[in-house]
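Take a look at this single chain, the form predicted alone, given in structure tokens.
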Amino acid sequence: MFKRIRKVFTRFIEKASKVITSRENLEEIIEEFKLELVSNDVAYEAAEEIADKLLEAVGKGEVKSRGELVEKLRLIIKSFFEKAGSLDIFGEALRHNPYKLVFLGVNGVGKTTTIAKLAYLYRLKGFKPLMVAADTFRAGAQEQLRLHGERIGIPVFTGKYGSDPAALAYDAVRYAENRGYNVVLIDTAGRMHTDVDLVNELRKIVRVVKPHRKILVVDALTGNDAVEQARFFDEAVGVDAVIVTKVDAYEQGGVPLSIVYSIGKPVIMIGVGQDYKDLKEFIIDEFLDKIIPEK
């Protein structure tokens, strides 16, 4: 996990530490570092800001040793995440009944599986979740969610293929209210993110259901495309938070940072395996520990 970007940080810290007091070749080393960040899925604008802030800190005499360099790197990157804020979707669920979540994302990113993992987590925390199969167009979409539901013992609200997804989602919320379900997780269609009809469909679901949160699911292994998807969905529908899947197989490491920097919304969870328990809270300091070596 994040192996390649850690190597980038390690190499940079070793090189920069040797010349930081003289500043000889430092700008060249930082420029090389910036390009290596970009090659590991860090958005160019984010990499440029990291480089600029490092040079500024050195110029002000704030960074004169390896330890100070490591600390400054951590502070710069952490500031991006702190600016995006945080979101506790478990704490919020205690204050709403039912708590409504709509999930966004293109096909193939693991959205449906992520919904099942999250529903499983909600049940472990004492909630009574209901999953909703509001993708009424993709063949097998409802069966896929129903299969997950059977495996984890959580009910799934389904409808007829070709029916109006917004109407199905609305009926599911009414059903949840009448049957005592206190968390409603709504799966949606995930055709190509340039599909105008899909965007209109999602907007209608949001308008009808009035979800408390809209959660985008992206696949870390798609790299820069995950960032483009985040930008698109945030502009088209609005995104409150992001879940990044397949992080356990992801070596580059830049996607969480780039998403937070690009849309200013928090990454709240990461998928780290195939089991239903393999959905973990994204903790900024743990991410920093993985990508930046110790002082």
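If you're wondering where the values come from, they're calculated on a predicted model, not measured in any experiment. Start at 1 and count along the sequence shown; that's the residue number.
The same protein also exists as the form predicted together with a small molecule; that form is not shown, yet it is the one meant from here on.
Participant: Of these, 69 to 77, 136 to 144, 197 to 205, 155 to 163, which stretch puts a heavy atom within 4.5 angstroms of the small molecule in the model of the complex?
Facilitator: Contact-bearing stretch, as computed: 136 to 144.
Participant: Does the 4.5 Å heavy atom contact test between residue 110 and the small molecule in the model of the complex come out positive?
Facilitator: Although the small molecule is absent here, residue 110 would touch it in the model of the complex, with heavy atoms inside 4.5 Å.
Participant: Residue 211 near the small molecule in the model of the complex, any heavy atom under 4.5 Å?
Facilitator: Flag for residue 211 set to no.
Participant: Decide whether residue 245 counts as a contact residue for the small molecule in the model of the complex under a heavy atom distance cut-off of 4.5 Å.
Facilitator: Yes, residue 245 lies within 4.5 Å of the small molecule in the model of the complex.
Participant: Would residue 190 show up as a contact with the small molecule in the model of the complex if we use heavy atoms at 4.5 Å?
Facilitator: Output for residue 190 is yes: heavy atoms within 4.5 Å of the small molecule.
Participant: Check each of 168, 106, 121, 176 and return the one that places a heavy atom within 4.5 angstroms of the small molecule in the model of the complex.
Facilitator: Spelling it out, the residue with a heavy atom inside the cut-off is 106.
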